[in-house]
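Okay, so here's just one chain, in structure tokens, the form predicted on its own.
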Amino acid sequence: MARQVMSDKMLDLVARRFRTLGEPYRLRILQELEAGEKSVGELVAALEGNQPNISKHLQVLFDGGLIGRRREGTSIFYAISDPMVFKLCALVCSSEAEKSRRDYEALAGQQRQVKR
């Protein structure tokens, strides 16, 4: 398989996406939105957070192109606009689970050697 060389512009875009996802609270928001569209108030209640903090994170996710929003009366509703984010998260989770399994096996092997 040929190696894909990214332009500087593409590297900047990818780095920006990872920075956007680099905050655990934003990942919690995305997790809540995976089930479907929610208002700011619903997100505040579900995450037991405060409205200004959640709104700040929603703005970052919106600016990053991961979520969309629509206004209905005085309420703003947010939804996932790039479902690929969940595939990326699944890849990272799978990789971390595999790393943890290898670490555990290495530790278990060391413990067996110590007991001998």
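These numbers were taken from a predicted model, which means no experiment stands behind them. Just count from 1 along the sequence shown to find any residue number.
Absent from the display: the form predicted in complex with the DNA. The rest refers to it.
Contact between Asn50 and the DNA in the predicted complex is found at the 4.5 Å heavy atom cutoff. Under a 4.5 angstroms non-hydrogen atom cutoff, the DNA in the predicted complex lacks Glu98 among its neighbouring residues. Residue contact with the DNA in the predicted complex: Gln59 places a heavy atom within 4.5 Å of it. Not displayed here, the DNA is approached by Ser75 to within 4.5 Å at the level of heavy atoms in the predicted complex. Annotated contacts: Arg19, Glu23 and Ser39 all touch the DNA in the predicted complex [non-hydrogen atom within 4.5 angstroms].
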